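So this first bit is one chain, no partners, the form predicted on its own, shown in structure tokens.
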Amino acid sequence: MALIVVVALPLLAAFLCWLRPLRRIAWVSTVILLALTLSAAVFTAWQVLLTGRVIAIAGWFEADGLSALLLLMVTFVCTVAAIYSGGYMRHETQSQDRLWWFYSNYNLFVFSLVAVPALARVNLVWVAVELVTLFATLLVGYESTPGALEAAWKMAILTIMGAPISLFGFLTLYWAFRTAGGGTSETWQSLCAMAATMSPSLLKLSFLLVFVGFGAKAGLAPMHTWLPDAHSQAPTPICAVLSGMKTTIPLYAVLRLLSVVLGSPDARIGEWMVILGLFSVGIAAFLLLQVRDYKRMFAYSTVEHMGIILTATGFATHAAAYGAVAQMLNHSITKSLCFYAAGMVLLALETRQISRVRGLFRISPFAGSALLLCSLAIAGAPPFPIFLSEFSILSAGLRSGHSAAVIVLAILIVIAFVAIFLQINSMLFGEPSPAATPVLAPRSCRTAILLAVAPVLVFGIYIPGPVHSLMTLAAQQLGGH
């Protein structure tokens, strides 16, 4: 029942925001109902820990360790982003009478995000992923400026083009499933059970098509070109969800299919995943060296982390799968914090250009402190959680015999680390512009940052037992040996 509640409450919130008498309290309705959604996701995860699997409607709505973890990540990030949006949107947008439209579409966006891990049928997962793209595009273009509309259009074209490609990939997967003697219920569980008897050639072709179609939505290079534009033009709360979860959700579908392919002894594609993952990390690392917009900087960091996750799953071991799951979790909670800090800088100085931000500590100590902390965390400095997940991926790669890939990955991670701090150092220190004045951040923004920073600080030094158990279950769903 709790799993159905997770999917239904965002729809209810969207409807309430749309009702004319309730439009004035759209933000309050959104925060309350998403907080309840988060509570239902926590309960679902607890049930998964107790029973191993939650079945709300057999063959339709089911949750295992990986999907329960994704539901927790989505609901946490989206709830905190909703809290942040209260003060931010009142200060940033000029269209106060359209805020109800923003919150209504935001809740539909959340609905599509939670539907992907909650659905068991693969064909419906494809539909939900496309809904994620649709609602994300509407929110990217919300402010209706020329830059925002161009970014939304670019995002729509480059990501929706992948829809027929991924659809053909899933049709190929069904062909392999049916010819192997599968029934009419194409769920993730039934596909994994039949993987060993399916045609390896059809499995590899299916994965290639889905990877291309969904890889564009996940921001994997070279299909990432929409991502920096969308992140630089969208409202900051949307950037937090775009980077924290919108890219992770299609990657979740890709990794689910990869676990099916790895179940076939003759469909070996792990080495290709390592190569493609390293390519994404390399592209992002060198783009970070020349970036001029701090919101685009965090967008390129997303491309880097998606590549690291893909590389880890290509190592195809249980230890690497656990590292990949940890990286997904740590990326989501840390990257959303990065955009909250970036939004504070934008409110304070009204510029996204790195060269025009100097002496941030003097202008806004709160924004400067948040930016320094999140930059350390997202770059992978110890003792923050991304350092732990990246270290576990590198060590798992060494133990699996991928020494050359580990060396390349480590070098690229160091380059990205240096690049981020070359940019951040110039923003935080030095003399501020004479025209700059101290700014007090909106209360809801400060509250959201404090909520978002808590798991980033805690998970770097201690992983609670239930979270570790859920991550272990999630890693088991990714396969490996």
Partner chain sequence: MASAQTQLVQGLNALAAGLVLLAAFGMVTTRQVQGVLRFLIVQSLFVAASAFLIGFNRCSVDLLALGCIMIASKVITIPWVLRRLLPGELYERREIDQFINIPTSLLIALLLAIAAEFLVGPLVTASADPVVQANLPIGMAGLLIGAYSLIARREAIPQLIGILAMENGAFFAGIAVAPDLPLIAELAIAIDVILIVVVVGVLTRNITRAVGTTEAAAMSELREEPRRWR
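Nothing here was measured: the structure is a model prediction, and the numbers come from that model. Positions refer to the first chain, counted from 1.
Quick note: we don't show the form predicted in complex with its partner chain, though the next part is all about it.
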One stretch from 276 to 284, 171 to 179, 303 to 311, 189 to 197 that, in the model of the complex, holds residues within 4.5 Å of its partner chain by heavy atom: 171 to 179
When you measure heavy atoms, are 157, 161 and 205 every one within 4.5 angstroms of its partner chain in the model of the complex? yes
Interface membership of residue 153, its partner chain in the model of the complex, 4.5 Å heavy atom rule: yes
At the 4.5 Å heavy atom threshold, is residue 402 in contact with its partner chain in the model of the complex? no
Non-hydrogen atom contact residue 76 with its partner chain in the model of the complex at 4.5 angstroms: no
In the model of the complex, residue 296 touching its partner chain (heavy atom, 4.5 Å): yes
In the model of the complex, which of the listed residues (383, 222, 365, 147) lies with a heavy atom within 4.5 Å of its partner chain? 147
Just one of 319, 165, 411, 398 has a heavy atom within 4.5 angstroms of its partner chain in the model of the complex, so which one? 165
In the model of the complex, residues of 98 to 135 near its partner chain [heavy atom within 4.5 Å]: 121, 123, 124, 126, 127, 130, 131, 134
